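Same protein, same chain, two forms; see structure 1 and structure 2 below, as structure tokens.
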Structure 1
């Protein structure tokens, strides 16, 4: 099993060719809009549009399913907790002290859909932008190079360690380790061989990374940094930036002026 997993998906699509700063602007604007709007129909529409965005960018289906499988339990839990602890309106069903209302169901669904929609916005950026372009875009936005490198390394090694965990887990199970037995601390004790191997692998990877950065004179003073591939705005990037900005302004104006998307069930 391959350990070198990367969030970036190499494809030839219009989304991959957009400047990373435009995609980062899209992520920031989308998150602001999703936090302002509180309507279930708006969230469903945004979620469908984001799936079309991923499809048009030729993102594999397994990557989209990965987002659903990872965040669906969190979204469902948030929805259930909201329905149970924040009832509003006339109850549809009442079980002892728990009141289930139409408004609370809609509000809980909005929160769950908001988590999923924000995730697809962020992953649209990560799936279509490689790590060097992310670092270069952040440096272009006046962020210190070290900060951008830390973010890129985190995005790079989180899925790598996830794949490493799967490899170590399969290896230990091949050595007759039963990871399904035990509960609580007993299960932690059962998984301890995997945890120890993960810590050793993480230390080894960090040492190799430190040596690689040192060999490339990372942190050296008085040295001008060069880049193999630079990024620059094209006319099409300006068009996308203006379109994102205009759409955001229109949606926010409709929300603050006419109450569009404020109610959980009705748009106005």
Structure 2
């Protein structure tokens, strides 16, 4: 049984339509902004806007919940750590040695939520862009085609190897290998007969893959590669790029010049 590793959600939406390079630009810029701003209201606004973004791109609710579920424990952990270790200002409540202050609570919440917002930025890109378009956009951004191909092939083979792992694990269990035994080192040691068979099978596949690539004229000399499906900037993409750029500049200017969003609670 193969489990898809593709995060892409096939929908018709404006976010799906725009050029993947614009989305990549958005991811890069957003992460910088999110790292610079440390204000709780700013972070909450960003979180709401990102949810609106996902909603407008028709991303199903379970995909959004998936991100929450996965990262919530980390976010809470970060929040607690800040509250416990970095108290600042007057304590709201004091439980034994731990002073809980409004500032550290806000600070902790900002850093915890930042993990979430950054994830939603990345997943807005990955949920709305199929793998070939991602690879194609990276190559258009001057990544050598070979590296794009490596990435595409790796993504293609992950589900295959996942299935292979499952089959090999069954085959070795049928030879009385007990794979639910042991913890840590002991467990990994037990799994070794599966790993070895899987690695050998995968390496055989790499040899055959190389032959298949050559049989399709890969590496033809003196030929410029053409592309059946290409991505291209449309006027709207320019508008988005400009809008992202302008918003980012404005926010950073306000931050540097007036301290906008630098404090956990007060906006300036």
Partner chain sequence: MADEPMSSQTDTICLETRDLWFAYGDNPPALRGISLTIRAGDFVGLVGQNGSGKTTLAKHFNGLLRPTQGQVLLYGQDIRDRPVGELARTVGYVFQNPDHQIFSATTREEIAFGPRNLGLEEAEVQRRTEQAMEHFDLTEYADHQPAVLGFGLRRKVSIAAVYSMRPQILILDEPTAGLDWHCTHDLMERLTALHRQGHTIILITHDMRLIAQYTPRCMVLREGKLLLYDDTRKVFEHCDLLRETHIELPQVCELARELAPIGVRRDALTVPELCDSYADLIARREVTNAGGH
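Not measured: the values here are computed from a predicted model. Positions refer to the first chain, counted from 1. In this text, the rigid core denotes the largest set of C-alpha atoms whose superposition between the two forms falls within 1.5 Å.
Matching the description of the form predicted in complex with the partner chain is structure 2; structure 1 comes from elsewhere. In the core-superposed comparison between structures 1 and 2, residue 159 has its Cα shifted by at least 2 Å.
Once the cores line up, the CA of residue 56 ends up less than 2 angstroms apart between structures 1 and 2. Annotation for residue 69: C-alpha shift under 2 angstroms between structures 1 and 2, rigid core superposed. Core-based superposition between structures 1 and 2 puts the Cα shift at residue 214 at 6.8 Å.
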